[in-house]
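Next up: a single chain in structure tokens, the form predicted alone.
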Amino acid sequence: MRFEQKLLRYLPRAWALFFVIFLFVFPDFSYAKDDELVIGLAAPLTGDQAYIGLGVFQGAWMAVEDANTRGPVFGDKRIRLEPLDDQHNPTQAVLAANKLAANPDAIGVIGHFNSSCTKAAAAIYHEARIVQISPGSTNPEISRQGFDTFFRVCATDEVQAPTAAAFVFSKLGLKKIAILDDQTTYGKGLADEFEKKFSLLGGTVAQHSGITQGEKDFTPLLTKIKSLNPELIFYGGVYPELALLIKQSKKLGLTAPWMGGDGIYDVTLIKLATPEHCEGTYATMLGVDPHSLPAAKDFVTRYEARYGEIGSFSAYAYDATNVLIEALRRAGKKDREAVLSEVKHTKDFQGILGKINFDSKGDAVGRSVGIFKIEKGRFKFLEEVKP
């Protein structure tokens, strides 16, 4: 076991993040040896989405560690995970992609997490013929770009958003809502798909407005929404801004519950907004709680013993990394095209979240959506909806 693997194993979550940053500050530390193959990982490892990114990193790290414990993937070759911070910024994502593409030892990448980053970097991976497997980018347009190097192990927003809309309209019986999104590829795409389905069902969207990531004061916008008296507010985006929206809406006396997609399904939302203010917030997630899956029990137990509560996309990163590792084993050589071909031929790969298959565009087939509600400071699983 390498030095950094031993060290990371005993670090709590905050110190693990510090160690990831250490890797960036001292790049020589991450160089591959002659007997190593590099799998890149690109995610937001610093900034306000770092806890999601760190969960992705830790899930991938455990997959690599498990594989190396089994022995070389072929010959004397073992795997080296190289984490790169894209800061949930498309420009940084492109820089990270160029770095991985230029590394002759890099045979694949896990990432990116944010759809805007994945979409921006996909062309670079395609040109370099390096396979890219995203654990959490859900925007459907990504796989329509025509890049055969792109894959994802999660459902798309074409599955997630209509499921959420049908739940609100039919299960909750709410007919008038407001929608906000963060104007990113992910956030706006999710919100637009939600609005399309909700309107088709016969619901009324009183207002659909955009915000900007990093914005802090939403009082004027929320005051206007309050005057419209919506029965629910749907948010397309990630948890940092929603935490502020929830807290500021409560101060204004806005009583409508909130709902969002997988980007808000993170315990950090509850910590930032406080359990009291978050109570009653709904979220969709790309499947069920891994705690409820027998196949995920060993991973969850080991993960939480090492790092604490499992990240919302840690299991997806674990599965995505294992798909890539098994493709590398089957390829049997350090050849990007050979590894890509084996990923394309993945069939019924048994991940901890279920069997994984890809369609011709690289989208995961048969991924379900879970509905959750925050109750007493935790995400409570309500139901699973299969496509």
Partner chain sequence: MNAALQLFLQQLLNGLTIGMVYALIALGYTMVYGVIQLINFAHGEVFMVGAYLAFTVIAVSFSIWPSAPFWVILILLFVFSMAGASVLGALIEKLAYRPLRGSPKLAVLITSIGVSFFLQNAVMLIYGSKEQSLPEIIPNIQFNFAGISFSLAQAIIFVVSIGLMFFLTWFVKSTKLGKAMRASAENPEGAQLVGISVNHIVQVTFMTGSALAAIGGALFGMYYGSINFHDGYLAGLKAFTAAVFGGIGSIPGAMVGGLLLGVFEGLGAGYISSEWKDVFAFIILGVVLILRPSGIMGENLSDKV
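A quick note: this is a predicted structure, and the numbers were derived from the prediction, not measured. Positions refer to the first chain, counted from 1.
One more form of this protein exists, namely the form predicted in complex with its partner chain; it is left out here, but the text below deals with it.
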4.5 Å heavy atom contact, L244 and its partner chain in the model of the complex: yes
4.5 Å heavy atom contact, K175 to its partner chain in the model of the complex: no
Contact of N89 with its partner chain in the model of the complex (heavy atom, 4.5 Å): no
Touches its partner chain in the model of the complex: K224 (any heavy atom, 4.5 Å): yes
Contact residue in the model of the complex, chosen from K297, K99, H208, K196 - any heavy atom within 4.5 Å of its partner chain: H208
Interface residue in the model of the complex among P220, G75, G71, P104, criterion: non-hydrogen atom within 4.5 angstroms of its partner chain: P220
Candidate spot L81, R129 and G332, all three touching its partner chain in the model of the complex (heavy atom, 4.5 Å): no
Region of this chain that lies against its partner chain in the model of the complex, out of 59-67, 45-53, 347-355, 333-341 [heavy atom, 4.5 Å]: 45-53
Sequence-ordered list of residues in 247-284 near its partner chain in the model of the complex, where near means a heavy atom within 4.5 Å: K247, Q248, K251, D266, T268, K271, L272
